[in-house]
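Shown next as C-alpha coordinates: one chain only, the form predicted alone.
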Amino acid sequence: MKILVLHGPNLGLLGSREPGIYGHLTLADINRQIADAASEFGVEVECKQTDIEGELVQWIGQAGGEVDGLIINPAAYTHTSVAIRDAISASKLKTVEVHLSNTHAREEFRHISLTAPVCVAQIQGFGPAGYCLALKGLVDVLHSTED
(Lines give C-alpha, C1' and ligand atoms only; values in the text may rest on other atoms or scores of the structure.)
Protein backbone atom coordinates (compact mmCIF):
# COMPACT_ATOMS: atom_id res chain seq x y z
CA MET A 1 0.00 0.00 0.00
CA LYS A 2 1.32 3.45 -0.94
CA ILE A 3 0.12 6.81 0.39
CA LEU A 4 0.95 10.20 -1.09
CA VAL A 5 1.34 13.07 1.40
CA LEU A 6 1.07 16.56 -0.05
CA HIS A 7 2.00 19.72 1.83
CA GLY A 8 0.75 23.04 0.46
CA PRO A 9 2.01 26.62 0.52
CA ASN A 10 4.28 27.98 3.22
CA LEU A 11 4.65 24.61 4.94
CA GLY A 12 8.28 24.58 3.80
CA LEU A 13 8.74 27.40 6.33
CA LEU A 14 7.74 25.25 9.31
CA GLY A 15 10.10 25.53 12.24
CA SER A 16 10.51 29.27 11.79
CA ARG A 17 7.03 30.37 10.66
CA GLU A 18 4.77 31.42 13.53
CA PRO A 19 5.97 28.74 15.98
CA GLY A 20 3.21 29.74 18.41
CA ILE A 21 0.70 28.40 15.89
CA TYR A 22 2.66 25.79 13.93
CA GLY A 23 5.29 24.59 16.40
CA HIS A 24 9.05 24.30 16.14
CA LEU A 25 9.39 21.18 13.98
CA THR A 26 10.54 21.60 10.41
CA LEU A 27 8.78 19.96 7.49
CA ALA A 28 11.70 17.51 7.26
CA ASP A 29 11.08 16.57 10.92
CA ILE A 30 7.38 16.00 10.21
CA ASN A 31 8.14 13.94 7.11
CA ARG A 32 10.45 11.73 9.21
CA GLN A 33 7.62 11.20 11.72
CA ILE A 34 5.27 10.28 8.86
CA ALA A 35 7.84 7.83 7.43
CA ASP A 36 8.35 6.23 10.86
CA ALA A 37 4.59 5.80 11.29
CA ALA A 38 4.27 4.39 7.77
CA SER A 39 6.90 1.80 8.60
CA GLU A 40 4.97 0.80 11.72
CA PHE A 41 1.77 0.44 9.65
CA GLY A 42 3.54 -1.47 6.87
CA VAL A 43 2.85 1.09 4.15
CA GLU A 44 4.99 3.20 1.85
CA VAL A 45 4.70 7.00 1.81
CA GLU A 46 5.90 9.69 -0.52
CA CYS A 47 5.93 13.27 0.80
CA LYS A 48 6.00 16.38 -1.40
CA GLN A 49 5.64 20.10 -0.75
CA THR A 50 4.95 23.02 -3.07
CA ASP A 51 3.74 26.58 -2.85
CA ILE A 52 2.23 26.29 -6.34
CA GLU A 53 -1.47 25.43 -6.67
CA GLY A 54 -1.12 24.00 -10.17
CA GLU A 55 1.63 21.65 -9.03
CA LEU A 56 -0.63 20.26 -6.30
CA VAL A 57 -3.38 19.76 -8.89
CA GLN A 58 -0.95 17.94 -11.22
CA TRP A 59 0.39 15.70 -8.46
CA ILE A 60 -3.14 14.73 -7.40
CA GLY A 61 -4.12 14.01 -11.00
CA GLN A 62 -1.03 11.88 -11.58
CA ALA A 63 -1.55 9.97 -8.31
CA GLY A 64 -4.71 8.19 -9.42
CA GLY A 65 -3.75 4.58 -10.11
CA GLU A 66 -0.25 5.14 -8.70
CA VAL A 67 -1.09 5.34 -4.99
CA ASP A 68 -3.81 3.92 -2.77
CA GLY A 69 -4.63 7.05 -0.81
CA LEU A 70 -3.84 10.70 -0.26
CA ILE A 71 -3.14 12.86 2.77
CA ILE A 72 -3.15 16.57 2.01
CA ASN A 73 -2.58 19.76 3.92
CA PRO A 74 -3.73 22.28 1.32
CA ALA A 75 -2.83 25.07 3.77
CA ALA A 76 -4.21 28.42 2.54
CA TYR A 77 -5.57 26.75 -0.61
CA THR A 78 -8.06 24.93 1.64
CA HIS A 79 -10.19 28.05 1.65
CA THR A 80 -9.74 29.17 -1.96
CA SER A 81 -9.01 26.35 -4.38
CA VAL A 82 -11.82 24.84 -6.37
CA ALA A 83 -9.09 23.36 -8.60
CA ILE A 84 -7.61 21.28 -5.76
CA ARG A 85 -11.09 20.25 -4.63
CA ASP A 86 -11.96 19.12 -8.16
CA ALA A 87 -8.63 17.27 -8.54
CA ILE A 88 -9.26 15.31 -5.32
CA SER A 89 -12.78 14.48 -6.44
CA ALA A 90 -11.66 13.41 -9.93
CA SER A 91 -8.82 11.27 -8.58
CA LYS A 92 -11.29 9.08 -6.66
CA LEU A 93 -8.54 8.59 -4.07
CA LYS A 94 -9.54 8.17 -0.45
CA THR A 95 -8.22 11.43 0.97
CA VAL A 96 -7.69 12.87 4.45
CA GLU A 97 -7.27 16.62 4.91
CA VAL A 98 -4.85 17.67 7.66
CA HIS A 99 -4.22 21.00 9.36
CA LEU A 100 -1.66 21.62 12.08
CA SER A 101 -3.82 24.23 13.80
CA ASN A 102 -7.52 24.20 14.60
CA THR A 103 -8.77 26.37 11.76
CA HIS A 104 -12.10 26.94 13.55
CA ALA A 105 -10.26 28.68 16.40
CA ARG A 106 -8.63 31.12 13.99
CA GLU A 107 -9.77 33.86 11.63
CA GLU A 108 -13.29 33.43 10.26
CA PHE A 109 -12.10 33.03 6.65
CA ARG A 110 -10.29 29.83 7.75
CA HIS A 111 -13.52 28.22 8.98
CA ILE A 112 -14.59 27.03 5.53
CA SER A 113 -12.80 24.24 3.69
CA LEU A 114 -13.55 23.79 0.01
CA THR A 115 -11.66 20.49 0.02
CA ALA A 116 -13.11 18.74 3.10
CA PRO A 117 -16.39 17.73 1.40
CA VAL A 118 -14.48 15.50 -1.05
CA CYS A 119 -12.33 13.90 1.67
CA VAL A 120 -13.15 10.91 3.87
CA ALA A 121 -11.99 12.83 6.94
CA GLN A 122 -10.41 16.02 8.22
CA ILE A 123 -7.96 16.14 11.11
CA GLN A 124 -6.90 19.44 12.62
CA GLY A 125 -5.51 21.00 15.74
CA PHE A 126 -3.17 18.18 16.79
CA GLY A 127 -0.02 19.75 15.33
CA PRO A 128 2.36 17.38 13.55
CA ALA A 129 0.72 14.36 15.22
CA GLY A 130 -2.28 15.01 12.96
CA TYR A 131 -0.38 13.55 10.01
CA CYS A 132 0.24 10.27 11.83
CA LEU A 133 -3.39 10.16 12.97
CA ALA A 134 -4.45 10.74 9.35
CA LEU A 135 -2.13 7.99 8.16
CA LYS A 136 -3.49 5.48 10.68
CA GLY A 137 -7.08 6.38 9.85
CA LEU A 138 -6.50 6.26 6.11
CA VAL A 139 -4.76 2.88 6.30
CA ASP A 140 -7.71 1.53 8.33
CA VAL A 141 -10.20 2.91 5.76
CA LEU A 142 -8.24 1.43 2.86
CA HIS A 143 -7.99 -1.97 4.55
CA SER A 144 -11.72 -1.96 5.26
CA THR A 145 -12.50 -1.32 1.58
CA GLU A 146 -10.33 -4.28 0.53
CA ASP A 147 -12.71 -6.77 2.15
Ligand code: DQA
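Numbers follow the displayed sequence, beginning with 1. Remember, predicted model here, so these are calculated numbers, not experimental data.
In what follows, reference is made to the form predicted in complex with the ligand, a form of this protein that is not presented.
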Quiz item: Of 103, 81, 91, 31, which residue is found within 4.5 angstroms of the ligand in the predicted complex when only non-hydrogen atoms are counted?
Solution: 103
Self-check item: Residue contact check: residue 9 to the ligand in the predicted complex, 4.5 Å heavy atom
Solution: yes
Exercise. Please run the contact check for residue 17 against the ligand in the predicted complex: heavy atoms, 4.5 angstroms, yes or no?
Key: yes
Exercise. Could you confirm whether residue 85 comes within 4.5 Å of the ligand in the predicted complex, counting heavy atoms only?
Key: no
Self-check item: is_contact(residue 110, the ligand) in the predicted complex, heavy atom dist at most 4.5 Å
Solution: yes
Quiz item: Looking at 31-39, 113-121, 51-59, 92-100, which one sits within 4.5 Å of the ligand in the predicted complex if you count heavy atoms only?
Solution: 92-100
Quiz item: Hey, which residues along 43-77 are within 4.5 angstroms of the ligand in the predicted complex, non-hydrogen atoms only?
Solution: 73, 75, 76
